[in-house]
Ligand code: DGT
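To begin, one chain is listed below as structure tokens, in the form predicted on its own.
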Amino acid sequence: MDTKKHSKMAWLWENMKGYRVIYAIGILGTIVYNVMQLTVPYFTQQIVDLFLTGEDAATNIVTKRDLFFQLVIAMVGFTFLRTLIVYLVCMDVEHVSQKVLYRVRTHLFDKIERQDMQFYNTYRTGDLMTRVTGDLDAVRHMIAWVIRSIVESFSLLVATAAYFIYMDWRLALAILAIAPFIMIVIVLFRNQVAPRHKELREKLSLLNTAAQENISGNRVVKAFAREEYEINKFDKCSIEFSKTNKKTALTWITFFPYIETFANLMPIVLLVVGGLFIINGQLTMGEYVAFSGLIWAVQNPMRMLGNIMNEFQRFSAASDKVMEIYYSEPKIVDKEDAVDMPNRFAGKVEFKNVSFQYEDGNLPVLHNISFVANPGETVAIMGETGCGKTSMIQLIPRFYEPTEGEVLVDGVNVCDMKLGQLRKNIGLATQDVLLYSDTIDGNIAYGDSSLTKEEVEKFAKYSAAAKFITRMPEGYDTIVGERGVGLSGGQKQRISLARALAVKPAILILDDTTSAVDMETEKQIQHSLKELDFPCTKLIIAQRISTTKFADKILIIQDGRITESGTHDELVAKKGYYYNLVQLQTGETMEGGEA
């Protein structure tokens, strides 16, 4: 996705919908309170000229005493009013920034959730976490501080410059003549700091990825006693991030002395030129005091512009990453004329001359696959590791789409179906089980949260999980740790199977789901799958003959092709791959098609 098609500021404005008026009021308030900065120097000038250094100062202090107190009260009053406006403006922009942050974060998560499998193959988890946390904070900071600071700096600078010119244009030009030099330094700074922030953002992503992968794989780390290795690896990422962070900070430190030097020249110019004007009678003492009291209002915006530019480049680097996900679109989506199939599927699955290869792969994974699984049938799929078994079944719920051929469910091409309707009719359990940090009950009922406790227990019995669950301290209310920590591989697989069955799918796909259970438990599961109280077509990837023996059809996949197809007895009689596999697992010589 090309984020250059979308302006960053237009994107921010788009996400301020509903809060634009509030934000505009906050920006207007920023201009107002900065213009009000001129009130105190103005009143100070009047007091000095009328009551301290003017020719009629002594007379005025007696005859215009009320005016004196009015000017003092006005100074105090405007100061309090300006403070109140500053407070309200800060609350205003912070409120809008938090609303935009919530909106964008929710949209990003929605986008990530709806992406297809290719997206997850492309983006690292740590990188995605960085985008929805640190990068979004930079976006929030842009709204809450950077934009307001830009408006504040320019409104204060323009208002002060106008007031200076109003008082004495010659002295004003002498002071403001230094500003172009500061702007040149800031432009040079921007050119150098922009790539630093992009690099810094990438280093942070790598750091988060290293941490996430290490924490997720902590069991592997401990199993191989690789703690020191992982600590060193993380330390390298941390050092790289620290070095880049330091380079970014040093870039500002390098340019800051030049900006500070030029900014500090302004009071010197005021002292020299303003002093000469006073001596020559071209400037009153009150006007000089007003100039002196407002010189900071020219210096500070100049100083701030460098810091603002630094934060803007941080936002620019972060927003590129956020917008990349924000405007990304999944490739596998419902067609506009998708077939509406609201009723429960019959469960017929058919592959017609299906070939497939991954987008980032050079070699095809599947070649001309054709078979039919009729409603209620059990089809077992066997083959060597990497032959394409898992890739094939992932085409049924349309995680991927075939490069050639058709995958049909109930006679309809899955590409023409609505994804939600298709996937709600499919129950999927894989060998690599992911359980959520929830109760066992919550994990089993994940696909249908309306299930009663009795129904959850029923599906746990189907998957032979009920016995070990009831032995746990809190039974079905036992909290499962992250990714099922605390459970054995077989226990997790049985909960995963119960979760797949709990949606009462028309099509049940089991990807080596019983590989970690013992033979007796596997036998119980096989019996339960035959006795389900709802019709279901089963496609089972397995390596054990005990699992495939009673299937209605067995498919042998080799190098992405179906090389054998038939029942157990038929394949044994062919004396091919399946026959050799039976001999290998049973240790017996087959005769007459008997196993």
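Numbering starts at 1 and runs along the sequence shown. The model shown is predicted, which means the values in this text are computed figures rather than measured ones.
The form predicted together with this ligand is left out here; the points below concern that form.
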Query raised in the report: Are all three residues F371, T378 and I554 in contact with this ligand in the model of the complex, where contact means a non-hydrogen atom within 4.5 Å?
Result: no
Query raised in the report: Of 378-386, 70-78, 301-309, 204-212, which is the one stretch near this ligand in the model of the complex, taking non-hydrogen atoms within 4.5 angstroms as near?
Result: 378-386
Report task. Would you please decide whether V365 lies within 4.5 angstroms of this ligand in the model of the complex, comparing each non-hydrogen atom pair? Result -> yes
Requested in this report: Please run the contact check for Q431 against this ligand in the model of the complex: heavy atoms, 4.5 angstroms, yes or no?
Outcome: yes
Query - Heavy atom of Y288 within 4.5 Å of this ligand in the model of the complex - result: no
Query - Q543: touches this ligand in the model of the complex, heavy atom cutoff 4.5 angstroms - result: yes
Query raised in the report: Looking at S391, T244, T251, N425, which is the one with a non-hydrogen atom within 4.5 Å of this ligand in the model of the complex?
Result: S391
Query raised in the report: Pick from D518, D360, E228, D235: which residue has any heavy atom within 4.5 angstroms of this ligand in the model of the complex?
Result: D360
Query raised in the report: Going by heavy atoms, what in 86-123 lies within 4.5 angstroms of this ligand in the model of the complex?
Result: N121
